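First comes one chain, alone, set out as structure tokens in the form predicted alone.
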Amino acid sequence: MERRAIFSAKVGFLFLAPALAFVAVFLLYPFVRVFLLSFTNQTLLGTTAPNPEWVGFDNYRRLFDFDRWMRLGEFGSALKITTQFVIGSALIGQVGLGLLIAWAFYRKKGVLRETVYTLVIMAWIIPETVVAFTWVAFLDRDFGTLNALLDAVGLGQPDWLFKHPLESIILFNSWRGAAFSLLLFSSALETIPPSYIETAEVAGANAWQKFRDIFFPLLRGHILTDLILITLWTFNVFTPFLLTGGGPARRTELVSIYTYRTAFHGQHEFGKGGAIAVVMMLINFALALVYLSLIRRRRVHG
């Protein structure tokens, strides 16, 4: 018996029209606007504010001036710092910490589990400004809680935001963002049949062997999905600016902070800021393609 579609293609398009309009207005138009802006010398102040000129690829040549590319305060340095931040905060921190907590409390109940889950999720849902200034107080050299604890056991009072600024914002962002990975992996672990674990325990497998041979293979797809989202979010995060302002001496100037400083500080170079935004979008797109190709390859090979 031949099946007939409930709705015609035209009716289906009408249902999609509001979503397509939303995408066009809030995604496509801004992208095209920024792309065109990147080829001009438009600024907020001066003669180029009302009458910007077309400068071609000049903004991109300035970004990739390899004579000064890796100096602090330049695009290459910001990209390097961002890469270190993403590896430490996203790949190791958020994904690793979320997986570790989810695995540690797998098939466990009680007050400890609920307390840990509540604290991790609270760190994620509290407004970024509140969390950032709480961590500024927590890491304060003279009156911070962390240094008070370290000094009590004779480990001194290091100036975290001055001597270890990158490590500080990596720790902060890992702590704040681990909740998403925790919830994702906790849900994924619940789908693993208990018989797998019981069989491994009967065979005498230890905790590491169970993780390596059972948990990790079954969670691989979820880990790749988590890596896609966490990497893209972390690459574009701006919250560390509230802790360090990109300093000291621009040692924590992520690409997002570099874009903000270029477009909204100093000469307010909107054209150059647009060029940075285009490069960031291309990097995000490339990262997404890499991860998606890994997921597709995994599905093809079973």
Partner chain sequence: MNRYRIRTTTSRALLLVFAFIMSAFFALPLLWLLTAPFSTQANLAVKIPETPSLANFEAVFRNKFAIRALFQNNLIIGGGVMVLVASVATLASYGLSRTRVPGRDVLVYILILFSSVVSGTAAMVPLFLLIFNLGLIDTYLGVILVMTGGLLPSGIFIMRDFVDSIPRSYEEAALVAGASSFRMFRDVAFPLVRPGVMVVAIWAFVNAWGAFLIPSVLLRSPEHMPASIAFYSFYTEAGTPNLTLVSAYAFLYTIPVLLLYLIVNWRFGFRFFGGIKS
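This is a predicted model, so every value here is computed, not measured. Residue numbers count along the first chain shown, from 1.
What comes next is about the form predicted in complex with the partner chain, which does not appear here.
Visitor: Among 151-159, 71-79, 116-124, 84-92, mark the stretch whose residues have heavy atoms within 4.5 Å of the partner chain in the model of the complex.
Guide: Going through the listed ranges, the match is 116-124.
Visitor: Mark residue 194 yes when one of its heavy atoms lies within 4.5 Å of a heavy atom of the partner chain in the model of the complex, and no otherwise.
Guide: Close contact exists here: in the model of the complex, residue 194 approaches the partner chain to within 4.5 Å, heavy atoms only.
Visitor: With a 4.5 Å heavy atom cut-off, would you call residue 264 a contact of the partner chain in the model of the complex?
Guide: Contact check for residue 264: yes, within 4.5 Å of the partner chain in the model of the complex.
Visitor: Using 4.5 Å between non-hydrogen atoms, is residue 28 touching the partner chain in the model of the complex?
Guide: Yes, residue 28 is a contact residue.
Visitor: Determine whether any heavy atom of residue 208 comes within 4.5 Å of a heavy atom of the partner chain in the model of the complex, and answer yes or no.
Guide: Answer no; every heavy atom of residue 208 is more than 4.5 Å from the partner chain in the model of the complex.
Visitor: To verify the annotation, which of these, 166, 229, 214, 189, has a non-hydrogen atom within 4.5 Å of the partner chain in the model of the complex?
Guide: It is 229 that has a heavy atom within 4.5 Å of the partner.
Visitor: In sequence order, which positions of 12-37 have a non-hydrogen atom within 4.5 Å of the partner chain in the model of the complex?
Guide: 12, 14, 15, 16, 18, 19, 22, 23, 25, 26, 27, 28, 29, 30, 31, 33, 34, 37 sit within 4.5 Å of the partner.
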